[in-house]
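Taking the form predicted alone, here's one chain by itself in C-alpha coordinates.
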(Lines give C-alpha, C1' and ligand atoms only; values in the text may rest on other atoms or scores of the structure.)
Protein backbone atom coordinates (compact mmCIF):
# COMPACT_ATOMS: atom_id res chain seq x y z
CA UNK A 1 0.00 0.00 0.00
CA UNK A 2 2.75 2.46 0.89
CA UNK A 3 6.43 2.75 0.11
CA UNK A 4 6.41 -0.60 -1.66
CA UNK A 5 5.00 -2.36 1.41
CA UNK A 6 1.74 -4.23 1.01
CA UNK A 7 -0.80 -6.11 3.05
CA UNK A 8 -2.21 -9.35 1.68
CA UNK A 9 -5.72 -10.53 2.29
CA UNK A 10 -9.15 -11.13 0.84
CA UNK A 11 -10.91 -8.11 -0.60
CA UNK A 12 -14.39 -7.39 0.73
CA UNK A 13 -17.01 -6.53 -1.92
CA UNK A 14 -19.44 -3.63 -1.52
CA UNK A 15 -17.12 -1.60 0.73
CA UNK A 16 -17.05 1.95 -0.60
CA UNK A 17 -15.33 4.24 -1.39
CA UNK A 18 -12.16 2.75 0.09
CA UNK A 19 -11.10 -0.89 -0.39
CA UNK A 20 -11.22 -3.26 2.60
CA UNK A 21 -9.36 -6.51 2.88
CA UNK A 22 -9.43 -9.21 5.55
CA UNK A 23 -5.99 -10.42 6.55
CA UNK A 24 -5.23 -14.07 7.16
CA UNK A 25 -6.26 -14.96 10.72
CA UNK A 26 -3.02 -16.88 11.19
CA UNK A 27 -0.95 -13.90 10.18
CA UNK A 28 -2.06 -11.35 12.76
CA UNK A 29 1.41 -9.78 13.23
CA UNK A 30 1.24 -8.73 9.58
CA UNK A 31 -0.41 -5.43 10.47
CA UNK A 32 2.14 -4.24 13.06
CA UNK A 33 4.94 -5.50 10.82
CA UNK A 34 3.52 -3.56 7.89
CA UNK A 35 3.15 -0.40 9.97
CA UNK A 36 6.69 -0.74 11.32
CA UNK A 37 8.07 -0.94 7.79
CA UNK A 38 5.91 1.76 6.21
CA UNK A 39 4.87 5.32 6.90
CA UNK A 40 1.14 4.59 6.71
CA UNK A 41 -0.99 6.86 8.89
CA UNK A 42 -3.51 5.35 11.30
CA UNK A 43 -6.92 6.99 10.95
CA UNK A 44 -8.83 4.72 13.28
CA UNK A 45 -8.82 1.34 14.99
CA UNK A 46 -12.12 -0.23 16.04
CA UNK A 47 -13.67 -3.62 16.70
CA UNK A 48 -16.50 -5.55 15.13
CA UNK A 49 -17.83 -9.06 15.73
CA UNK A 50 -14.70 -11.24 15.75
CA UNK A 51 -12.53 -8.74 13.95
CA UNK A 52 -10.54 -5.53 14.44
CA UNK A 53 -10.45 -2.93 11.67
CA UNK A 54 -7.72 -0.38 10.97
CA UNK A 55 -8.27 2.61 8.68
CA UNK A 56 -4.99 3.57 7.01
CA UNK A 57 -3.72 6.25 4.66
CA UNK A 58 -0.65 6.33 2.48
CA UNK A 59 0.65 9.91 2.87
CA UNK A 60 2.57 9.69 -0.41
CA UNK A 61 -0.32 8.72 -2.67
CA UNK A 62 -3.18 9.87 -0.46
CA UNK A 63 -4.84 6.45 -0.83
CA UNK A 64 -7.05 5.15 1.97
CA UNK A 65 -7.80 1.52 2.85
CA UNK A 66 -9.25 -0.56 5.67
CA UNK A 67 -7.39 -3.65 6.91
CA UNK A 68 -9.36 -6.14 8.99
CA UNK A 69 -7.66 -8.57 11.37
CA UNK A 70 -9.73 -11.57 12.50
CA UNK A 71 -9.46 -12.32 16.21
CA UNK A 72 -11.55 -15.48 16.69
CA UNK A 73 -10.04 -16.14 20.12
CA UNK A 74 -10.50 -12.56 21.26
CA UNK A 75 -6.86 -11.59 20.71
CA UNK A 76 -5.14 -9.39 18.17
CA UNK A 77 -1.58 -8.12 17.77
CA UNK A 78 -1.12 -4.68 19.30
CA UNK A 79 0.11 -1.94 16.98
CA UNK A 80 0.62 0.62 19.77
CA UNK A 81 4.40 0.14 19.77
CA UNK A 82 4.61 1.40 16.18
CA UNK A 83 1.60 3.73 16.17
CA UNK A 84 1.21 5.22 19.69
CA UNK A 85 -2.06 6.82 18.65
CA UNK A 86 -3.50 3.30 18.90
CA UNK A 87 -2.85 2.94 22.64
CA UNK A 88 -6.15 4.39 23.83
CA UNK A 89 -8.04 2.90 20.88
CA UNK A 90 -6.83 -0.57 21.86
CA UNK A 91 -7.76 0.04 25.49
CA UNK A 92 -11.23 1.11 24.36
CA UNK A 93 -11.56 -2.05 22.24
CA UNK A 94 -10.69 -4.14 25.30
CA UNK A 95 -13.28 -2.30 27.37
CA UNK A 96 -16.06 -2.47 24.80
CA UNK A 97 -15.46 -5.86 23.15
CA UNK A 98 -13.12 -7.72 25.50
CA UNK A 99 -10.57 -8.31 22.74
CA UNK A 100 -7.02 -8.39 24.09
CA UNK A 101 -4.29 -6.42 22.27
CA UNK A 102 -1.39 -8.84 22.56
CA UNK A 103 1.86 -7.05 23.27
CA UNK A 104 0.29 -3.82 24.53
CA UNK A 105 2.25 -2.11 27.27
CA UNK A 106 -0.86 -0.61 28.86
CA UNK A 107 -3.33 -3.01 30.45
CA UNK A 108 -5.39 -0.33 32.21
CA UNK A 109 -9.05 0.21 31.28
CA UNK A 110 -9.88 3.40 29.42
CA UNK A 111 -13.60 4.01 28.96
CA UNK A 112 -14.79 1.50 31.56
CA UNK A 113 -14.51 3.13 34.99
CA UNK A 114 -15.77 0.06 36.77
CA UNK A 115 -19.38 1.23 36.99
CA UNK A 116 -20.84 -0.51 33.96
CA UNK A 117 -23.30 -3.29 34.81
CA UNK A 118 -21.36 -5.68 32.57
CA UNK A 119 -17.89 -5.88 31.12
CA UNK A 120 -17.24 -5.74 27.37
CA UNK A 121 -20.86 -4.80 26.58
CA UNK A 122 -20.39 -4.97 22.79
CA UNK A 123 -18.43 -8.22 22.75
CA UNK A 124 -21.16 -10.71 23.62
CA UNK A 125 -22.99 -12.83 21.11
CA UNK A 126 -26.66 -11.81 20.71
CA UNK A 127 -28.58 -13.51 23.44
CA UNK A 128 -25.41 -14.98 24.90
CA UNK A 129 -24.25 -14.80 28.45
CA UNK A 130 -22.00 -11.95 29.35
CA UNK A 131 -19.64 -12.01 32.25
CA UNK A 132 -20.29 -9.95 35.30
CA UNK A 133 -17.75 -7.34 36.17
CA UNK A 134 -16.15 -7.17 39.57
CA UNK A 135 -16.18 -3.43 39.84
CA UNK A 136 -17.35 -1.64 42.93
CA UNK A 137 -15.35 -1.82 46.09
CA UNK A 138 -16.87 -0.87 49.46
CA UNK A 139 -15.35 2.57 48.95
CA UNK A 140 -16.47 3.03 45.33
CA UNK A 141 -15.10 2.15 41.90
CA UNK A 142 -11.69 0.52 41.60
CA UNK A 143 -8.74 2.91 41.82
CA UNK A 144 -7.13 4.04 38.58
CA UNK A 145 -3.32 3.72 38.56
CA UNK A 146 -1.85 6.83 36.98
CA UNK A 147 1.63 6.51 35.52
CA UNK A 148 4.32 7.08 38.17
CA UNK A 149 6.81 9.93 38.21
CA UNK A 150 9.87 9.91 40.46
CA UNK A 151 12.08 12.78 41.56
CA UNK A 152 12.84 15.11 44.43
CA UNK A 153 10.23 17.70 45.27
CA UNK A 154 7.56 16.40 42.91
CA UNK A 155 3.92 16.70 43.89
CA UNK A 156 0.60 15.79 42.31
CA UNK A 157 -2.24 18.16 41.42
CA UNK A 158 -5.53 16.44 40.60
CA UNK A 159 -7.95 18.53 38.52
CA UNK A 160 -11.46 17.44 37.57
CA UNK A 161 -13.46 15.65 36.34
CA UNK A 162 -15.79 18.45 37.46
CA UNK A 163 -14.36 21.80 36.38
CA UNK A 164 -15.09 25.42 36.98
CA UNK A 165 -17.10 26.86 34.12
CA UNK A 166 -19.20 24.67 31.85
CA UNK A 167 -16.69 22.49 30.02
CA UNK A 168 -17.24 18.75 29.83
CA UNK A 169 -15.85 16.33 32.46
CA UNK A 170 -12.34 14.96 32.30
CA UNK A 171 -9.67 14.35 34.94
CA UNK A 172 -6.17 15.80 34.63
CA UNK A 173 -3.39 14.53 36.87
CA UNK A 174 -0.42 16.87 37.01
CA UNK A 175 2.98 15.94 38.37
CA UNK A 176 4.76 19.20 39.06
CA UNK A 177 8.04 20.48 40.40
CA UNK A 178 7.10 23.76 41.95
CA UNK A 179 5.05 25.47 39.23
CA UNK A 180 6.56 23.51 36.36
CA UNK A 181 4.63 20.58 34.91
CA UNK A 182 6.75 17.43 34.68
CA UNK A 183 3.98 15.16 33.44
CA UNK A 184 0.29 15.47 32.68
CA UNK A 185 -1.92 12.45 32.28
CA UNK A 186 -5.57 12.74 31.33
CA UNK A 187 -8.33 10.33 32.21
CA UNK A 188 -11.44 10.45 30.07
CA UNK A 189 -14.59 8.40 29.62
CA UNK A 190 -16.84 10.29 32.05
CA UNK A 191 -19.40 11.07 29.35
CA UNK A 192 -19.54 7.63 27.76
CA UNK A 193 -23.13 7.16 26.58
CA UNK A 194 -22.92 3.83 24.77
CA UNK A 195 -23.58 5.44 21.40
CA UNK A 196 -22.01 2.60 19.40
CA UNK A 197 -24.31 0.15 21.17
CA UNK A 198 -27.33 2.38 20.67
CA UNK A 199 -26.63 2.62 16.94
CA UNK A 200 -26.69 -1.14 16.37
CA UNK A 201 -30.06 -2.29 15.03
CA UNK A 202 -31.50 1.17 14.43
CA UNK A 203 -32.93 2.39 11.16
CA UNK A 204 -30.94 5.01 9.28
CA UNK A 205 -33.18 7.91 10.27
CA UNK A 206 -32.71 7.28 13.98
CA UNK A 207 -29.03 6.55 13.49
CA UNK A 208 -28.59 9.92 11.79
CA UNK A 209 -30.19 11.65 14.77
CA UNK A 210 -27.94 9.78 17.20
CA UNK A 211 -24.83 10.59 15.20
CA UNK A 212 -25.81 14.24 15.19
CA UNK A 213 -25.61 14.21 18.97
CA UNK A 214 -22.14 12.71 19.36
CA UNK A 215 -20.61 16.16 19.86
CA UNK A 216 -22.92 19.15 19.80
CA UNK A 217 -20.40 21.64 18.43
CA UNK A 218 -19.75 19.30 15.48
CA UNK A 219 -23.29 18.13 14.81
CA UNK A 220 -23.04 19.19 11.15
CA UNK A 221 -19.71 17.40 10.66
CA UNK A 222 -20.99 14.15 12.19
CA UNK A 223 -24.25 14.20 10.27
CA UNK A 224 -22.29 15.02 7.12
CA UNK A 225 -19.87 12.08 7.58
CA UNK A 226 -22.70 9.69 8.43
CA UNK A 227 -24.72 10.73 5.39
CA UNK A 228 -21.72 10.16 3.13
CA UNK A 229 -21.10 6.76 4.72
CA UNK A 230 -24.73 5.71 4.25
CA UNK A 231 -24.74 6.89 0.66
CA UNK A 232 -21.49 5.04 -0.05
CA UNK A 233 -22.85 1.85 1.51
CA UNK A 234 -26.03 2.00 -0.58
CA UNK A 235 -24.51 3.38 -3.78
CA UNK A 236 -26.62 6.54 -3.60
CA UNK A 237 -25.73 9.82 -5.29
CA UNK A 238 -27.12 12.84 -3.41
CA UNK A 239 -28.51 15.75 -5.47
CA UNK A 240 -26.00 18.50 -6.37
CA UNK A 241 -27.97 21.13 -4.44
CA UNK A 242 -27.78 19.01 -1.28
CA UNK A 243 -24.04 18.58 -1.68
CA UNK A 244 -23.54 22.34 -1.79
CA UNK A 245 -25.95 23.02 1.08
CA UNK A 246 -24.02 20.57 3.25
CA UNK A 247 -20.74 22.36 2.57
CA UNK A 248 -22.42 25.66 3.37
CA UNK A 249 -23.55 24.37 6.76
CA UNK A 250 -20.11 22.88 7.44
CA UNK A 251 -18.40 26.23 6.80
CA UNK A 252 -20.92 28.05 8.98
CA UNK A 253 -20.26 25.57 11.79
CA UNK A 254 -16.50 25.97 11.36
CA UNK A 255 -16.81 29.74 11.38
CA UNK A 256 -18.93 29.89 14.54
CA UNK A 257 -16.66 27.52 16.46
CA UNK A 258 -13.42 29.18 15.43
CA UNK A 259 -14.76 32.60 16.40
CA UNK A 260 -15.80 31.22 19.78
CA UNK A 261 -12.44 29.55 20.34
CA UNK A 262 -10.33 32.54 19.35
CA UNK A 263 -12.13 34.64 21.93
CA UNK A 264 -12.07 31.92 24.58
CA UNK A 265 -8.30 31.45 24.22
CA UNK A 266 -7.79 35.17 24.68
CA UNK A 267 -10.14 35.10 27.67
CA UNK A 268 -7.96 32.43 29.28
CA UNK A 269 -5.06 34.83 28.80
CA UNK A 270 -7.04 37.44 30.77
CA UNK A 271 -8.02 39.44 27.67
CA UNK A 272 -11.79 39.41 27.89
CA UNK A 273 -12.28 42.20 25.36
CA UNK A 274 -11.45 39.88 22.47
CA UNK A 275 -13.82 37.26 23.88
CA UNK A 276 -16.66 39.78 23.95
CA UNK A 277 -16.16 40.87 20.34
CA UNK A 278 -15.75 37.38 18.87
CA UNK A 279 -18.76 36.28 20.92
CA UNK A 280 -20.88 38.86 19.11
CA UNK A 281 -19.68 37.66 15.70
CA UNK A 282 -20.23 34.01 16.64
CA UNK A 283 -23.76 34.90 17.71
CA UNK A 284 -24.40 36.57 14.34
CA UNK A 285 -23.50 33.36 12.52
CA UNK A 286 -25.68 31.27 14.86
CA UNK A 287 -28.61 33.64 14.26
CA UNK A 288 -28.07 33.34 10.52
CA UNK A 289 -28.13 29.54 10.84
CA UNK A 290 -31.42 29.79 12.72
CA UNK A 291 -32.89 32.03 10.04
CA UNK A 292 -31.60 29.93 7.15
CA UNK A 293 -32.01 26.38 8.42
CA UNK A 294 -34.29 26.68 11.44
CA UNK A 295 -31.72 25.65 14.07
CA UNK A 296 -28.80 27.58 15.53
CA UNK A 297 -26.47 24.57 15.39
CA UNK A 298 -28.12 23.13 12.23
CA UNK A 299 -28.78 19.88 14.08
CA UNK A 300 -30.62 17.18 12.05
CA UNK A 301 -30.42 19.31 8.89
CA UNK A 302 -28.12 16.89 7.03
CA UNK A 303 -29.67 13.47 6.42
CA UNK A 304 -28.72 10.42 4.34
CA UNK A 305 -29.74 11.23 0.78
CA UNK A 306 -29.49 15.00 1.08
CA UNK A 307 -30.69 17.68 3.47
CA UNK A 308 -33.82 17.81 5.62
CA UNK A 309 -34.90 21.14 4.12
CA UNK A 310 -34.06 23.64 1.43
CA UNK A 311 -32.62 27.14 1.62
CA UNK A 312 -34.81 30.03 0.45
CA UNK A 313 -33.92 33.55 -0.62
CA UNK A 314 -34.44 34.97 2.88
CA UNK A 315 -32.06 32.39 4.30
CA UNK A 316 -29.43 33.20 1.71
CA UNK A 317 -29.71 36.90 2.54
CA UNK A 318 -29.38 36.19 6.29
CA UNK A 319 -26.17 34.25 5.70
CA UNK A 320 -24.80 36.92 3.36
CA UNK A 321 -25.55 39.68 5.90
CA UNK A 322 -23.87 37.78 8.74
CA UNK A 323 -20.82 36.90 6.64
CA UNK A 324 -20.50 40.51 5.47
CA UNK A 325 -20.59 41.81 9.04
CA UNK A 326 -17.99 39.27 10.18
CA UNK A 327 -15.82 40.05 7.18
CA UNK A 328 -15.98 43.76 8.01
CA UNK A 329 -15.26 43.50 11.74
CA UNK A 330 -12.91 40.51 11.95
CA UNK A 331 -9.75 42.19 10.51
CA UNK A 332 -9.85 44.73 13.34
CA UNK A 333 -9.93 41.92 15.89
CA UNK A 334 -7.01 40.21 14.18
CA UNK A 335 -5.00 43.43 14.53
CA UNK A 336 -6.05 43.66 18.15
CA UNK A 337 -4.76 40.14 18.79
CA UNK A 338 -1.55 40.70 16.86
CA UNK A 339 -0.72 44.04 18.50
CA UNK A 340 -1.52 43.27 22.13
CA UNK A 341 1.76 42.54 23.87
CA UNK A 342 0.14 40.99 26.94
CA UNK A 343 -1.57 38.41 24.72
CA UNK A 344 1.57 37.59 22.80
CA UNK A 345 3.41 37.15 26.08
CA UNK A 346 1.01 34.36 27.03
CA UNK A 347 0.53 32.61 23.69
CA UNK A 348 3.94 32.74 21.93
CA UNK A 349 6.17 29.76 22.82
CA UNK A 350 3.51 28.33 25.15
CA UNK A 351 2.27 24.75 24.82
CA UNK A 352 4.42 23.68 21.88
CA UNK A 353 3.52 20.46 20.06
CA UNK A 354 6.47 18.99 18.19
CA UNK A 355 5.96 18.37 14.45
CA UNK A 356 7.32 14.81 14.73
CA UNK A 357 4.70 14.02 17.39
CA UNK A 358 1.93 15.37 15.18
CA UNK A 359 3.18 13.24 12.29
CA UNK A 360 3.49 10.14 14.48
CA UNK A 361 -0.08 10.50 15.76
CA UNK A 362 -1.46 11.70 12.41
CA UNK A 363 -3.20 14.48 14.33
CA UNK A 364 -5.56 16.52 12.21
CA UNK A 365 -7.29 19.86 12.39
CA UNK A 366 -5.70 23.05 13.66
CA UNK A 367 -3.60 21.04 16.13
CA UNK A 368 -1.90 19.22 13.28
CA UNK A 369 -1.74 22.17 10.90
CA UNK A 370 -0.19 24.43 13.55
CA UNK A 371 2.67 21.90 13.84
CA UNK A 372 3.36 21.23 10.20
CA UNK A 373 0.91 18.45 9.22
CA UNK A 374 -1.12 19.98 6.43
CA UNK A 375 -3.81 17.29 6.09
CA UNK A 376 -7.30 18.66 5.42
CA UNK A 377 -9.95 16.16 4.31
CA UNK A 378 -11.60 18.76 2.09
CA UNK A 379 -8.45 18.86 -0.04
CA UNK A 380 -6.65 15.56 0.68
CA UNK A 381 -9.64 13.22 0.64
CA UNK A 382 -11.61 15.46 -1.72
CA UNK A 383 -15.36 15.27 -1.81
CA UNK A 384 -17.84 17.48 -3.65
CA UNK A 385 -18.29 20.38 -3.80
CA UNK A 386 -14.83 21.15 -2.34
CA UNK A 387 -13.19 19.69 -5.43
CA UNK A 388 -14.76 22.65 -7.31
CA UNK A 389 -14.06 25.36 -4.73
CA UNK A 390 -10.98 27.53 -4.22
CA UNK A 391 -9.44 27.59 -0.76
CA UNK A 392 -6.09 27.43 0.98
CA UNK A 393 -5.07 25.20 3.87
CA UNK A 394 -3.01 27.32 6.31
CA UNK A 395 -0.04 25.57 7.90
CA UNK A 396 2.56 26.64 10.48
CA UNK A 397 5.37 24.76 12.18
CA UNK A 398 5.85 26.66 15.46
CA UNK A 399 3.15 24.55 17.14
CA UNK A 400 2.45 26.82 20.10
CA UNK A 401 -0.79 28.40 21.34
CA UNK A 402 -0.16 31.38 19.10
CA UNK A 403 0.16 29.13 16.04
CA UNK A 404 -3.13 27.41 16.82
CA UNK A 405 -4.81 30.82 17.13
CA UNK A 406 -3.40 31.94 13.78
CA UNK A 407 -4.53 28.74 12.05
CA UNK A 408 -8.05 29.48 13.27
CA UNK A 409 -7.79 33.09 12.13
CA UNK A 410 -6.78 32.05 8.62
CA UNK A 411 -9.51 29.39 8.54
CA UNK A 412 -12.13 32.00 9.46
CA UNK A 413 -10.97 34.02 6.45
CA UNK A 414 -11.08 30.94 4.23
CA UNK A 415 -14.57 29.95 5.42
CA UNK A 416 -15.89 33.44 4.64
CA UNK A 417 -14.59 33.08 1.10
CA UNK A 418 -16.02 29.56 0.78
CA UNK A 419 -19.45 30.71 1.96
CA UNK A 420 -19.41 33.40 -0.71
CA UNK A 421 -18.42 30.87 -3.40
CA UNK A 422 -21.06 28.36 -2.29
CA UNK A 423 -23.88 30.89 -2.27
CA UNK A 424 -22.81 32.14 -5.70
CA UNK A 425 -22.66 28.66 -7.19
CA UNK A 426 -25.57 26.95 -5.38
CA UNK A 427 -27.24 24.64 -7.93
CA UNK A 428 -30.98 24.55 -8.40
CA UNK A 429 -33.05 21.40 -8.04
CA UNK A 430 -34.10 18.96 -5.37
CA UNK A 431 -32.31 18.77 -2.06
CA UNK A 432 -32.96 15.13 -1.18
CA UNK A 433 -33.26 11.72 -2.80
CA UNK A 434 -34.14 8.27 -1.53
CA UNK A 435 -31.33 5.93 -0.57
CA UNK A 436 -30.73 2.89 -2.74
CA UNK A 437 -32.18 -0.38 -1.46
CA UNK A 438 -28.86 -2.24 -1.36
CA UNK A 439 -26.89 -3.14 1.75
CA UNK A 440 -23.16 -2.73 2.16
CA UNK A 441 -20.34 -0.99 3.97
CA UNK A 442 -19.38 2.64 3.60
CA UNK A 443 -16.97 5.22 4.96
CA UNK A 444 -17.57 8.93 5.28
CA UNK A 445 -14.70 11.32 6.01
CA UNK A 446 -15.27 15.07 6.29
CA UNK A 447 -13.35 17.99 7.71
CA UNK A 448 -15.02 19.30 10.84
CA UNK A 449 -13.84 22.45 12.60
CA UNK A 450 -11.75 20.35 15.01
CA UNK A 451 -10.33 18.07 12.30
CA UNK A 452 -11.31 15.06 10.24
CA UNK A 453 -14.46 13.24 11.40
CA UNK A 454 -14.82 9.65 10.16
CA UNK A 455 -17.83 7.35 10.21
CA UNK A 456 -17.67 3.68 9.23
CA UNK A 457 -21.00 1.98 8.63
CA UNK A 458 -22.36 -1.44 7.74
CA UNK A 459 -25.99 -1.67 6.66
CA UNK A 460 -27.88 -4.96 6.57
CA UNK A 461 -30.40 -6.18 4.02
CA UNK A 462 -33.20 -4.77 6.19
CA UNK A 463 -31.64 -1.29 5.85
CA UNK A 464 -30.77 -1.22 9.52
CA UNK A 465 -27.40 -0.45 11.04
CA UNK A 466 -25.42 -3.57 11.85
CA UNK A 467 -22.32 -1.69 13.01
CA UNK A 468 -21.44 1.98 13.06
CA UNK A 469 -18.23 3.54 14.29
CA UNK A 470 -17.98 7.35 14.59
CA UNK A 471 -14.41 8.60 15.17
CA UNK A 472 -13.63 12.04 16.51
CA UNK A 473 -10.34 13.80 15.65
CA UNK A 474 -9.80 14.29 19.38
CA UNK A 475 -8.60 10.68 19.72
CA UNK A 476 -5.29 11.75 18.17
CA UNK A 477 -5.18 15.23 19.73
CA UNK A 478 -5.76 14.53 23.42
CA UNK A 479 -2.43 12.66 23.83
CA UNK A 480 -0.57 15.59 22.28
CA UNK A 481 -2.04 17.99 24.84
CA UNK A 482 -0.16 15.99 27.46
CA UNK A 483 3.11 16.64 25.63
CA UNK A 484 2.32 20.30 25.00
CA UNK A 485 2.08 21.25 28.66
CA UNK A 486 5.31 19.56 29.78
CA UNK A 487 7.83 22.18 30.91
CA UNK A 488 5.14 24.89 31.09
CA UNK A 489 3.71 26.25 34.32
CA UNK A 490 0.47 24.85 35.70
CA UNK A 491 -1.26 28.21 35.23
CA UNK A 492 -0.80 27.91 31.46
CA UNK A 493 -2.78 24.68 31.25
CA UNK A 494 -6.19 26.36 30.69
CA UNK A 495 -4.65 28.32 27.85
CA UNK A 496 -3.11 25.21 26.29
CA UNK A 497 -6.28 23.19 26.83
CA UNK A 498 -8.49 25.82 25.20
CA UNK A 499 -6.14 26.15 22.24
CA UNK A 500 -6.72 22.42 21.62
CA UNK A 501 -10.42 22.39 22.56
CA UNK A 502 -10.59 18.62 22.21
CA UNK A 503 -14.01 17.02 22.44
CA UNK A 504 -14.83 15.01 25.55
CA UNK A 505 -18.19 13.70 24.35
CA UNK A 506 -16.93 12.96 20.85
CA UNK A 507 -14.09 10.92 22.28
CA UNK A 508 -15.99 9.13 25.03
CA UNK A 509 -19.04 8.22 22.87
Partner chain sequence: MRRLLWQALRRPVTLPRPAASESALAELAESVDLAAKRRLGRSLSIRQVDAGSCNGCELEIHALNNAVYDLERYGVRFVASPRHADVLLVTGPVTTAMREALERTWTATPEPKWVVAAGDCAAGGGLFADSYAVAGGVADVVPVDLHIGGCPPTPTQLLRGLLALLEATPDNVRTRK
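Positions refer to the first chain, counted from 1. Treat the numbers as computed from the prediction; the structure is a model and nothing was measured.
What comes next is about the form predicted together with the partner chain, which is not displayed.
ask   = So, in the predicted complex, is residue 164 in contact with the partner chain at a 4.5 angstroms heavy atom limit?
value = The answer is yes: residue 164 has a heavy atom within 4.5 Å of the partner chain.
ask   = Hey, in the predicted complex, is residue 432 touching the partner chain, heavy atoms inside 4.5 Å?
value = No - in the predicted complex, heavy atoms of residue 432 and the partner chain never come within 4.5 Å of each other.
ask   = Going by a heavy atom distance of 4.5 Å, is residue 116 a contact of the partner chain in the predicted complex?
value = Yes, residue 116 lies within 4.5 Å of the partner chain in the predicted complex.
query = Taking the shortest heavy atom distance, is residue 346 within 4.5 Å of the partner chain in the predicted complex?
reply = No - in the predicted complex, heavy atoms of residue 346 and the partner chain never come within 4.5 Å of each other.
request  = Considering the partner chain in the predicted complex, find the one stretch among 143-151, 413-421, 279-287, 395-403 with heavy atoms no farther than 4.5 Å from it.
outcome  = Careful reading of the contacts points to 279-287.
key: in the predicted complex, the one of 198, 409, 80, 291 near the partner chain [non-hydrogen atom within 4.5 angstroms]   = Residue within 4.5 Å of the partner: 198.
message = Only one of 329, 75, 155, 108 gets a heavy atom within 4.5 Å of the partner chain in the predicted complex. Which one?
response = Of the listed residues, the single hit is 329.
task = Can you tell me which bits of 327-354 touch the partner chain in the predicted complex, meaning any heavy atom within 4.5 Å?
result = Going through 327-354 in order - heavy atoms within 4.5 Å of the partner chain in the predicted complex - the hits are 329, 332, 333, 335, 336, 339, 340.
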